[in-house]
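Let's start with one chain on its own, the form predicted on its own, as structure tokens.
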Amino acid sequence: MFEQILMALINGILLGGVLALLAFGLNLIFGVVKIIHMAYGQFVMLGFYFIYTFHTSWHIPLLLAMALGIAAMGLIGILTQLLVINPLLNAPRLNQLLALASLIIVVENLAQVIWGADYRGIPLSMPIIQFGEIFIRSSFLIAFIGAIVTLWFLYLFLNRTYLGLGIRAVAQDLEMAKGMGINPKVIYYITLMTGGALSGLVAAFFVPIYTVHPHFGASFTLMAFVIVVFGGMGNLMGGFISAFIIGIVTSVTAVLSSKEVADIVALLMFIGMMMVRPEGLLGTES
């Protein structure tokens, strides 16, 4: 049992890294544009389908197909800002939520029309890493390392570049950013492009782990939303920490009981946090 719990703990940490990257895009969009991207998990699903199509139908090498999938999702992010979010920027929050929730149905049904309802995946043979009685899937380890490296580069981008500082300025004080000559509309497009590209990158990390279907993104949308709110809406460090908390708790609980119970425990933690500290782990009262 000790080995099982230790292996679950390790897998929870590996899962937490990928969940942190998943939540980062959603958190960044909310922090800058102040809108909740309800269809973010569906964008991950769409990125997965793009990679699958580029590789299996167009016979593009897998790594290049992943790069094209990331670029395609960056473009989808720009189109989302142009066609969906721009008209909603001054709308009531409920209208924004309903419109972006409707986008979930649009993307899922579009995926079913184009790719069908069957499960689709790219067969990859990845070795299992063994340390005594501990077994780790190399696909999980690669995804974890890739996610952590990506998060580090995003941290440097946001804190060490003029464009990143512009994004942070808009997120912290829109009127002050305008006074400094920053065009928030340009920042919004860059933010949605970055968020879209990150959804494509998460999809690339998921390729060796999962198969995709039209409703693949639903659970990841919920998970990302729980992580973001648990950590504090718009607080990137809070989202990073909460991703590891949720990943470890769900992984260990699944070993001790079942996946269904693990999901229940994670959501009860979320409800408890909202009752005790509604602004989230590291959030601030608005």
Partner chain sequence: MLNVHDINVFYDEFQALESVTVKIEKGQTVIVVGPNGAGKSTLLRTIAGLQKPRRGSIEFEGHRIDRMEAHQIVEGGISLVPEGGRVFPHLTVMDNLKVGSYNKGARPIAKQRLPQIFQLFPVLADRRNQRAGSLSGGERQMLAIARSLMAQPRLIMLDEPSLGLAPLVVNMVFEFIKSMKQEGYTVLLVEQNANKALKVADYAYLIESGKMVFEGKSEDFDKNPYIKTAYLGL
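Numbering follows the first chain given and starts at 1. Between two forms, the rigid core is the largest collection of C-alphas that superpose within 1.5 Å. What you see is a predicted model; the values in this text were computed from it and never measured.
Separately, the form predicted together with its partner chain exists; it is not shown, and the next lines address it.
- With the partner omitted from this view, the residue of 148, 154, 75, 165 that lies near its partner chain in the predicted complex is 165 [heavy atom within 4.5 Å].
- Using a 4.5 angstroms limit between non-hydrogen atoms, residue 182 touches its partner chain in the predicted complex.
- The closest non-hydrogen atom of residue 187 lies within 4.5 Å of its partner chain in the predicted complex.
- Its partner chain in the predicted complex is not approached by residue 193, whose heavy atoms all lie more than 4.5 angstroms from it.
- Contact annotation: residue 204 falls outside 4.5 Å of its partner chain in the predicted complex, judged by heavy atom distances.
- Of the residues in 260-281, none comes within 4.5 Å of its partner chain in the predicted complex through any heavy atom.
- Annotation: Cα of residue 233 displaced by at least 2 Å between the shown form and the other one, core superposition.
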